[in-house]
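Presented below, as structure tokens, is a lone chain in the form predicted alone.
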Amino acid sequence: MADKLVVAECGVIAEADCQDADCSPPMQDWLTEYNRRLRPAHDALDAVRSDQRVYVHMGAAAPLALLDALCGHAARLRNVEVLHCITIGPAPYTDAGYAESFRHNALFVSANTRNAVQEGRADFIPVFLHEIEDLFTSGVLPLDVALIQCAPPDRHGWMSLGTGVDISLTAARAARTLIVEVNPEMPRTCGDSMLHVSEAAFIVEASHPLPVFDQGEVTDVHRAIARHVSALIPDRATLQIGVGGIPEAVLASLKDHKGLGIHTEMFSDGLIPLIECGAVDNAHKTLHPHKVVTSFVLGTKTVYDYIHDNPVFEFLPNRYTNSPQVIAQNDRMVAVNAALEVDLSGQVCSDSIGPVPFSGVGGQADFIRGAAHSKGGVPVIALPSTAKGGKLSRIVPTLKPGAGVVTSRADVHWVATEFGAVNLHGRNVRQRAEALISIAHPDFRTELEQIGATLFVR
């Protein structure tokens, strides 16, 4: 019988036939393998060729040294597709000067790439977050190179993806060539968050702070919305939360709640006080009890430090965290998601301003549908009633021409503004219009009633 390699890590035993399989090296040899793969950043990026597709680690984990090195190869490269979801920090490959060398393909349009997409120098793929990984593994979007940032390896040679497992763990393993930037400032996180040294073609060492996500000011409008949303959240609920003014305000309003749990695609600093005060204990979750389930984190150094080696957090891929079937297994699942505008029939636009891409489909529909099928679940769309300093209503008769419908009117349940919360589920279009007008800004209600009368109300 052939010798067998048995690897035990995190309680999981993997067995492989080393005579017939391409096995990873024994654990005691990982440092030799690490040093053999070690390269300067510019040399590692020699692996990229023209006409290839290059995946970039998302969120706060974008490997900045590798991206700088990639741009350093621009003179010899043509038509390289740079694919990723939201990232924070610089995105130099989207500069107009690199147009012949690189073209960004956005799975979610983030602030650092928005101009390039809106000016036609980059592209946008509308896709549910839980379905993205299948694009890599099915061959719809095959990956030539993956650029991933990790924490330094542990004594067994395992490197943590830190702030973001998201779609990046799958991308790393689907790509033909994996290049890893090892950064000692990347936190080491728990869950399905590890790559072994032996999986990387090349390793580049770099040390730099992780970029910080600017959530903007939490305003009185955000706090008013949060009061209406928090009234819908029962004790022992499991929450999906995001980042930004409304999610931060909602979290701050929940300190008197009891027995809350978290199952979310992402979170930020505002979750820490709820854990510390005991409002979030995850003890009553029906799926993954005692764990904060997430896929990535955006925030400040405070939250990056908090998740380091913290076993309360379980980082898992988006194909799992965002699966509506998985989400629905959490009883009392409350999903709170933002929108740019909602029309009087309940259609939700969250990714574009008219036909102009602004963000992405992301995980909104994943969680709205999952919460809708949860026992005692509460799906919520939350938005300020106005935009442009009160000049525009976000509750509109019809969506702008060309606007993307991220969440269909049949999926929508609760909609909340600073003027209240209404449940559209099971209501006809006339009743929906009346309900939504009641939570629109008073300055626009008469106009909405007049236009709505010709559409739905009478």
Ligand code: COA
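From 1 onward, residues are counted along the sequence shown. The structure presented is a predicted model; accordingly, all values stated were derived computationally and were not measured.
There is another form of this protein, the form predicted together with coenzyme A (COA), and it is not shown here; the text below is about that form.
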query: Answer option from Gly360, Pro187, Gly377, Gly346, heavy atom within 4.5 Å of coenzyme A (COA) in the model of the complex; finding: Gly360
query: Coenzyme A (COA): the contacting residue among Ile275, Ile233, Ile353, Ala201 in the model of the complex [heavy atom, 4.5 Å]; finding: Ile353
query: Exercise: Leu210 in contact with coenzyme A (COA) in the model of the complex, heavy atom 4.5 Å; finding: no
query: Contact test in the model of the complex: Ala338 vs coenzyme A (COA), heavy atoms, 4.5 Å; finding: yes
query: is_contact(Phe102, coenzyme A (COA)) in the model of the complex, heavy atom dist at most 4.5 Å; finding: no
query: Distance check, Phe108 to coenzyme A (COA) in the model of the complex, heavy atom within 4.5 Å; finding: yes
query: Candidate stretches 223-231, 115-123, 239-247, 158-166, one within 4.5 Å of coenzyme A (COA) in the model of the complex by heavy atom; finding: 239-247
query: Partner contacts in the model of the complex for 394-414 (non-hydrogen atom within 4.5 angstroms of coenzyme A (COA)); finding: Arg394, Lys400
